[in-house]
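Heads up, the chain below is alone and in the form predicted on its own; it's given as structure tokens.
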Amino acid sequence: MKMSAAYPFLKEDLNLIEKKLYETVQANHPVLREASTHLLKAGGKRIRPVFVLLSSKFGNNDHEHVNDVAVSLELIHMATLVHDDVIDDAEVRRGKETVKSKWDNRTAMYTGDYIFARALETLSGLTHPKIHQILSNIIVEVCLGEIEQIKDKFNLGQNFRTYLRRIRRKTALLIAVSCQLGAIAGGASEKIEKALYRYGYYVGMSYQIIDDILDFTSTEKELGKPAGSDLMQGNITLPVLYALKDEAFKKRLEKCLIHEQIIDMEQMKEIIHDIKHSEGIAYSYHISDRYLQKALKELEQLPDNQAKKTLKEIGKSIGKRKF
């Protein structure tokens, strides 16, 4: 089941958010306008707006403010993707040319900065100081996560704790904050807000680990980019970390690299094939499921409504997704 099948009742709200995303990224300068629109049209799951909308339904659901929060968080996510593609020298995302590929690195960096600025502007009308404080803190954490990823590229000596801290900052915290800010904007109680934050954090950890598994197990068509791209770019994910426990595998991987550059592409393809069929995939699914079970446990504290049921369905679908 596609994740979107769990929330058909949000279709109208998501259409409004999509329209506002399009309106928000329009710029007077033609290059900024075209590059931002190109990124938006590449699509995406829009899971952050979905979590904002669902979490808001545990309060009085202030529609305008909730939508502003949803748009802002998605724009922040989009901005990080543009910058990521420059750092990773990525040519394709979601089956489409990246901004850096279609234009150039400098255009991509300024496009990311522009989208980020528009995200902040979208929230400028909200007077709730807690929302701005939380958002500022999460932006700092996302930046730290990105720096850690750059620092650890092709670092075969990193451990599981390093990996978990990195995906916490890169992915899990933004999803956690999507749930938290949705609850705040919707007027939910502090107890519900905290439970939703924890739910989002655990779901975010599970979601990213599944992403890292699918990078090896899905097809290029499903991923919208070549399989094994993360490892080719030097990102050491959980399936690779598990495989590195085998000294023979570690030595084979080291032979493919020199000064953090891949020198033996054919052997690298064999290594990616081996990881795909290794015990590291099952181990990674196990860790992902542990986080998912913690997320579902947090939902027990919430009142019964359609949003709670949907959050549970989304959580369960995360572990089963194929792309």
Partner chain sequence: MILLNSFNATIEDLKKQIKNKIDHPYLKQFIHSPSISDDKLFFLHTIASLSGKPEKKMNQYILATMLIQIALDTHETVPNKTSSEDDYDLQKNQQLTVLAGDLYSGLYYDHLARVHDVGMIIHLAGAIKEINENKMILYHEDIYSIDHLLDVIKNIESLLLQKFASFLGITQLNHILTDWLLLNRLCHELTLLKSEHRNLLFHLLTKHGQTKQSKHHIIRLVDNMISRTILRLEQDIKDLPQGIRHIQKKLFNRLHQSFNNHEMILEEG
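Each form is matched to the other, and the largest set of C-alpha atoms that superpose within 1.5 Å is called the rigid core. Numbering follows the first chain given and starts at 1. Please read these numbers as outputs of a predicted model, since none were measured by experiment.
The same protein also has a form predicted together with the partner chain, omitted here; what follows describes it.
Checklist entry - in the predicted complex, which of 43-51, 284-292, 271-279, 24-32 comes within 4.5 Å of the partner chain (heavy atoms)? => result Heavy-atom contact with the partner occurs in 24-32.
Item to check | Non-hydrogen atom contact residue 245 with the partner chain in the predicted complex at 4.5 angstroms | outcome: No, no contact at 4.5 Å.
Next on the checklist: Within 4.5 Å, heavy atoms only: does residue 249 come near the partner chain in the predicted complex?
Outcome noted: Answer no; every heavy atom of residue 249 is more than 4.5 Å from the partner chain in the predicted complex.
Checklist entry - Counting only non-hydrogen atoms and a 4.5 angstroms cut-off, does residue 214 reach the partner chain in the predicted complex? => result Because no heavy atom of residue 214 falls inside 4.5 Å of the partner chain in the predicted complex, the answer is no.
Checklist entry - residue 146 near the partner chain in the predicted complex, any heavy atom under 4.5 Å? => result Residue 146: contacts the partner chain in the predicted complex.
Checklist entry - So which of 191, 161, 221, 106 reaches within 4.5 angstroms of the partner chain in the predicted complex, heavy atom to heavy atom? => result For this set of options, the contacting one is 106.
Checklist entry - Which one of 126, 195, 253, 172 is close to the partner chain in the predicted complex, taking close to mean a heavy atom within 4.5 Å? => result Exactly one listed residue reaches within 4.5 Å, namely 126.
Next on the checklist: What I'd like checked is whether 14, 16 and 94 together line the partner chain in the predicted complex, meaning each has a non-hydrogen atom within 4.5 Å of it.
Outcome noted: No, none of the three is in contact.
Next on the checklist: Going through 116-139, which residues have a heavy atom within 4.5 Å of the partner chain in the predicted complex? Please give them in sequence order.
Outcome noted: Contacts from 116-139: 116, 117, 118, 120, 121, 123, 124, 126, 127, 129, 132, 133, 135, 136, 137, 139.
Checklist entry - If you line up the core, does residue 109 shift 2 angstroms or more at its C-alpha between this form and the one not shown? => result Residue 109 C-alpha, core-superposed: shift of 2 Å or more.
Checklist entry - Rigid core fitted, then: does residue 282 show a CA shift of 2 angstroms or greater between this form and the one not shown? => result After core superposition, the C-alpha of residue 282 moves less than 2 Å between this form and the one not shown.
Checklist entry - Does residue 32 show a Cα shift reaching 2 Å between this form and the one not shown after rigid-core superposition? => result Result for residue 32: yes, a 2 Å-plus shift.
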